[in-house]
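Only one chain is shown below, in structure tokens, and it's the form predicted on its own.
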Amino acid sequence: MKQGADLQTLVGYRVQRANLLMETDARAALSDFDLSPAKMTALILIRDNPGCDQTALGRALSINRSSAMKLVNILADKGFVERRPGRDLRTNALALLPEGARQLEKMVAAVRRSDARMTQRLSADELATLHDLLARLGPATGLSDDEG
């Protein structure tokens, strides 16, 4: 279908189209693991933030508390994570289990191959520029991803 000048010049549309292509390939790369890219992202966040709770995980993934609980249930049922006593009686600390770490390593490798496949037409400099530009998308707040 024809995509006119309006669509071609809307950054949000172009980013969304690129995201759809990347996510479709990443989903295919993760099909052997029966996990979505979002669930892999959750595993990475749990690995990189040991002891985080479901509320913090939900905030990081921009999902509500109920969705975070369902996601953690799936990961726990697969033997990838477990809930441990949290900082108080109302929270659980999330921990990546050894099987989760082993599978995550394989998942990340599969998605890295997907990324390489999907960006193979870009030079190393273009890829670095793309990373830089994507990091700068959003309103000017003065906070980096790590700070905000």
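Please read all numbers here as calculations on a predicted model, not as lab measurements. A residue's number is simply how far along the shown sequence it sits, counting from 1.
Separately, the form predicted together with the DNA exists; it is not shown, and the next lines address it.
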*If you check in the predicted bound form, is S114 within 4.5 Å of the DNA, heavy atoms only?*
no
*L30 within 4.5 Å of the DNA in the predicted bound form, heavy atoms*: no
_When the contact criterion is heavy atoms within 4.5 Å, does R47 count as touching the DNA in the predicted bound form?_
no
*Applying a 4.5 Å heavy atom distance criterion, does S62 contact the DNA in the predicted bound form?*
yes
*Scan T41, T119, Q103, N92 and let me know which has any heavy atom within 4.5 Å of the DNA in the predicted bound form.*
N92
_Residues within stretch 51 to 72 having a non-hydrogen atom within 4.5 Å of the DNA in the predicted bound form_ = D53, Q54, T55, S62, I63, N64, R65, S66, S67, M69, K70
